[in-house]
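Take a look at this single chain in structure tokens; it is the form predicted on its own.
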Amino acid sequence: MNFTTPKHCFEMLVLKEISKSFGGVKALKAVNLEVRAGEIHALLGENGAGKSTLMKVISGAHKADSGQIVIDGEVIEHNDPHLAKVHGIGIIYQEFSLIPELTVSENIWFGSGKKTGWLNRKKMDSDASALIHSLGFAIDVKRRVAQLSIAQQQIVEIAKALSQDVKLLILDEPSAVLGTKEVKKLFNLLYTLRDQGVSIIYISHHLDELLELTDRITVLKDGKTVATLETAAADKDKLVNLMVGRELTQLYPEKPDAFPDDEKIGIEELRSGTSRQPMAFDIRKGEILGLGGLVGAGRTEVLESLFGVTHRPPAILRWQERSVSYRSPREAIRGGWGMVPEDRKKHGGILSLSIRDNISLASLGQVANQWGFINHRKEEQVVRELVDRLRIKVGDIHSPLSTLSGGNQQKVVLAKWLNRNLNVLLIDEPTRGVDVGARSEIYHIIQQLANQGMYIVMVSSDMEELLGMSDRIMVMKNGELQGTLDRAEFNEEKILRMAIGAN
């Protein structure tokens, strides 16, 4: 659904010729951006296009080398986080800024600047609960943030931003951790804020979202402004062409006519979170088995149970005329299983370690001599081969993982497991926060692995991705399996009905 141009048409924010360099690398090159009062303005571009740097300039986290920032008609000479906050700018980064050991309520009011002497915790909790409820969600505000799901943490971040007097709200990939139902609630919230005159900058790689939600779209490429266009005049092909400079002919790889053989892994007695009954299903060699369902349905818990992460009684795996159970990730890895987790920066890779060390981390035994010492020459050879194979864009494999874009970080996490002789790969949200170009490359890598006979189980909250990549889809609700669809039966409405229990 596209909305008309908002009533408030004056510019709340104007950026003129903004440039920013880090060392010899020019991240922003004379970028121009105008955001009207009371509009939802999308910022679109590949990873590395300069979106995050531009947002940090607006929020005062980075100081521009040159250019001009105008907020509500006032030229801002020396922007900083405090001044940006005073001017009503709130930002929610893709990497959350919450304090895990504090409660939801404490996180929301932390740094609010209100000096009231002794804390009235009852009022804090009451106000925090009312704020979250007004967003259309229900979260126990007395729980520690560390106990929340990623989706719930996202809602707390939004509530924290809205606890201030916000005139411009910047959201970086807010829907990446939300399911379909939660995304709709988020959209309704953003529509309400827009109608109240709040300006919103919305960053997302999901083109369907931008076409539905926003009023205008600005595209960045290589640190430059490519174009700003009315959403009503845009479509997917035009946006992709502006982003990557070429037509994206096929986002999803072709599917093979048949699987390599009929070999299967039977899963029995698998328990997932809130499930009342154990689950049973099978994984076929050479297929991508998709796991669908709403956030909190227990999909991630299925992967964790298979990989031995949870402390529940392990599932029974029947394969090649034998039965095994993995009680720890160590046992699963020894059995030829690998897992790419949902949060690549927290659980998938170690940001402070080099790209080389991250790739070889799961297979040091293969590059060590008989006394256990690492053969660095052999290690670098193996790493460079994987970097080339996965087309990971790196300047130096000795640089920290944190220096790479989201898509390339995800490829590094994949490369870590491809460095082992895997039989099964579990993947949780494979393209969260990844741009269209890198997403297509990751899809082709996953499909190639399946074509080579690997068993793959993939969790995805992106319906288009789930339908485009899966050979079969299992749909879950409240920790229990609702049904399984073959590719010929795929239907978005059918999946959603199963996910909400209305099938």
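All residue numbers refer to positions in the sequence shown, first residue = 1. Computed from a predicted model, the values in this text were never measured in an experiment.
Heads up, the form predicted together with a small molecule isn't pictured, but that's what we're talking about next.
Peer 1: State the residue from Gly60, Gly38, Gly437, Gly48 whose non-hydrogen atoms include one within 4.5 Å of the small molecule in the predicted bound form.
Peer 2: Only one listed residue qualifies here, and that residue is Gly48.
Peer 1: Exactly one of Ala130, Leu119, Ala258, Ala146 has a non-hydrogen atom within 4.5 Å of the small molecule in the predicted bound form; which residue is it?
Peer 2: Looking at Ala130, Leu119, Ala258, Ala146 one by one, just Ala146 meets the 4.5 Å heavy-atom criterion.
Peer 1: Is the gap between Val31 and the small molecule in the predicted bound form 4.5 Å or less for some heavy atom pair?
Peer 2: Heavy-atom contact with the small molecule at 4.5 Å: absent for Val31.
Peer 1: Can Gln447 be called a contact residue for the small molecule in the predicted bound form at 4.5 Å between heavy atoms?
Peer 2: So Gln447 does not count as contacting the small molecule.
Peer 1: Is Thr218 a contact residue for the small molecule in the predicted bound form, using a 4.5 Å heavy atom cut-off?
Peer 2: Contact check for Thr218: no, nothing within 4.5 Å of the small molecule in the predicted bound form.
Peer 1: Wondering, does Lys411 line up within 4.5 Å of the small molecule in the predicted bound form on heavy atoms?
Peer 2: Answer no; every heavy atom of Lys411 is more than 4.5 Å from the small molecule in the predicted bound form.
Peer 1: Is the small molecule close enough to Glu173, Val295 and Gly298 in the predicted bound form that each of the three has a heavy atom within 4.5 Å of it?
Peer 2: The answer is yes: all three residues contact the partner (heavy atom, 4.5 Å cut-off).
Peer 1: To test your reading of this chain, name the stretch in 313 to 321, 262 to 270, 298 to 306, 158 to 166 whose heavy atoms come within 4.5 Å of the small molecule in the predicted bound form.
Peer 2: Going by heavy atoms within 4.5 Å, the stretch is 298 to 306.
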